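Shown next are two forms of a single protein chain, provided one at a time as structure tokens under the names structure 1 and structure 2.
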Structure 1
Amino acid sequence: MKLLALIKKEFHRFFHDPRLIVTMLLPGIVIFLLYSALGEIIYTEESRDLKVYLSGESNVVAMIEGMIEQNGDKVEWLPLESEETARAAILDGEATAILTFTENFDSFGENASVGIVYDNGSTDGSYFYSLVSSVLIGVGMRFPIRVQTVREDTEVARNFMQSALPFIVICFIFAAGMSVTLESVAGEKERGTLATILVTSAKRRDIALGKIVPLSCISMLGATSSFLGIALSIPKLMGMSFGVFGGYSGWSYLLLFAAILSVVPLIVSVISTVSTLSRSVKEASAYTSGLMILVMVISLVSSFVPSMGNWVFLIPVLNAVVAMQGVLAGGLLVWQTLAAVGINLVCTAGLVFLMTKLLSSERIMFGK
């Protein structure tokens, strides 16, 4: 009952303060509007007329064509006679891309693979590549994709953007967690209102959980808002339809959600513990900013190092980033994601225990 009252108090504090709600949800709305507007500016053409050299046969071609038409664009398939000529046509802007399927591709045989050559310097080329990628993710990605660009490679930047999405999610979770937790824990300690609760017979563990549980929910809300803002605006920014999200199965979404869900209480627990240790919001803010940089660096590591082995799933936060990247790349990393969730939850429990100890420490709570 006491724990419930503590949790309700935090929710009451948040949901009855319009300023807090606005500051939490605003980033997502702003991101969505900004990116969507940017997408509208970039892709002002009424419709695209794509010309794609095609080699080999596959049902995927019909799917790609269907998606292009769904977006209000047209595609003309040209027979590939000479790759050299086709590449020159792409560079001259007379064609969009080359798409090649190996023989008997649809049976997903041993040597099945897809090749894409496109102009990474044109919006049409990038649009076609993104669209093909999303369709291929949808069919399972049980084959290699050979990607080539005809200009100096901006591919690194594109791949970075794709692999950076989990990193962005972690940053949003941290930012959302900071915005509510610093005020709620360090702020209450600084103002002396936490001490008033400590005089009651509520257990220190309940007080710690009474902060971490509701603040995690609120942070999740803020992070979701920011994530939706970016996720819903990215198709527009890249000139695609929302159908790109249909490329993932329900399981993929479930694994993504589980990975995110395990990181939120962990990050909130870290910020809560640091806030409990700090004397003021200012001090806590300085410490957590340092922590945020650390988490950002850890999360970025996975973007630059492509295969780090399964040991990364033992490292809190990083494990969720890698799991999300794996799932977004079309894999179903069930055991790895579950291991990440388990480890993150164990770490959260450890931090709840530590915060309970800190709340019981007079040097921490009442030391000058």
Structure 2
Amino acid sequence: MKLLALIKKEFHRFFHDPRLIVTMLLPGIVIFLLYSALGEIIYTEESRDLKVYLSGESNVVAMIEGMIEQNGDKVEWLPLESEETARAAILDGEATAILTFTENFDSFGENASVGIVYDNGSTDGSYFYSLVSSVLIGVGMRFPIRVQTVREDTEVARNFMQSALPFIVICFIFAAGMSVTLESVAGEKERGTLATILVTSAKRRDIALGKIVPLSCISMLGATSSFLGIALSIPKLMGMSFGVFGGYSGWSYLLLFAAILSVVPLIVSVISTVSTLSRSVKEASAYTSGLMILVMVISLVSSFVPSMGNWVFLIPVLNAVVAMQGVLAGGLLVWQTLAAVGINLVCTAGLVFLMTKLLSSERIMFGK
């Protein structure tokens, strides 16, 4: 019962402070506006005239054409006679992409597949690839798309998402965690209210959980806000004014959300532990600001060091960043993401245990 009372107290403090609520909702709004604006900058054409080489037959073609027209664009289907000639035309800017369907594709047989060759250095090519991916996901396509590009990886929108988005999300989560945790732990310690709780019969473990559990739940509102900002802005960033997938499956969004949420209790636990060791909000803020810079550096490392290996999923925080980058790059890192979630939760449990020990120390809590 004492644990529930402590949790209720933290929720009461949060929901009666409009400033904290705005702090939690702001990340998603900023991400949505930023990515939507970036999409507007990248895709400045009023309408597109796409020329696509087509091989094979499928009802999906009519659906793709309908979606393109719904977006105010046009598409001209060209017969594919020579893939080499078609690739040259794409490189010269005379065509957009090559779309191929295997025989009897609509029956979704064992060997059914679809292939896309596009210019990843062209906004039209990136737009067409994302649109086709969204249509195939919408019709329940169960097979991987055979994707080839005619240039080296120069696709602006996806590269920006893959490298910058995890960094932005982690920074927002850390800032949100600081805004609700510093005052709750270091602030109460500085005012002496935490000492009052310590002299009661409440167990130190309950006090630690009574801080970390509600503060993590509150911070998850900010993480959810960030996720919604991502999900709603991705179609715009990929040059589409419709749909909610933007070339990603529901599983991709689920893994992305899991990776984001796994970091929240870990970061809150780190800030709570540092705040417990600090004597004032000012001191705790100085320490956590340094930690935030460290986390920012860690989040950026994976952007500049490709192919670090699976060992990276054993490193807290960095594992979630790499998982997010992998998902945004078009992969389904299921076991890697689950490993990241597990490692982060184990580290969170360890920090709860450490905070429990710190709360039991009179030297740390009362300066004796």
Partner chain sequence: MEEIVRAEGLRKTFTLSKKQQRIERTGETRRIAVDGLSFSAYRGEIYGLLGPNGAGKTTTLRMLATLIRPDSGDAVLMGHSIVKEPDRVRDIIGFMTSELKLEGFFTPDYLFDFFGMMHGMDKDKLAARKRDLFARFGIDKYAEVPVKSLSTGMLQKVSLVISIVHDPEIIIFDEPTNGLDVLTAKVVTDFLVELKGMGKSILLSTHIFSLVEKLCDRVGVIIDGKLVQEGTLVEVSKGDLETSFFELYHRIKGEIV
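The structure presented is a predicted model; accordingly, all values stated were derived computationally and were not measured. All residue numbers here refer to structure 1's sequence, counted from 1. Note that the rigid core is defined as the largest set of C-alphas that superpose within 1.5 Å between two forms.
Structure 2 is taken from the form predicted on its own, while structure 1 is not. Relative to the superposed core, G342 undergoes a C-alpha shift smaller than 2 Å between the two structures. L25 is among the residues whose C-alpha shifts by 2 Å or more between the two structures once the rigid core is aligned.
Once both forms are overlaid on the rigid core, the distance between the two CA positions of V317 between the two structures is under 2 angstroms. Relative displacement of the F101 Cα between the two structures on rigid core alignment is 11.8 Å.
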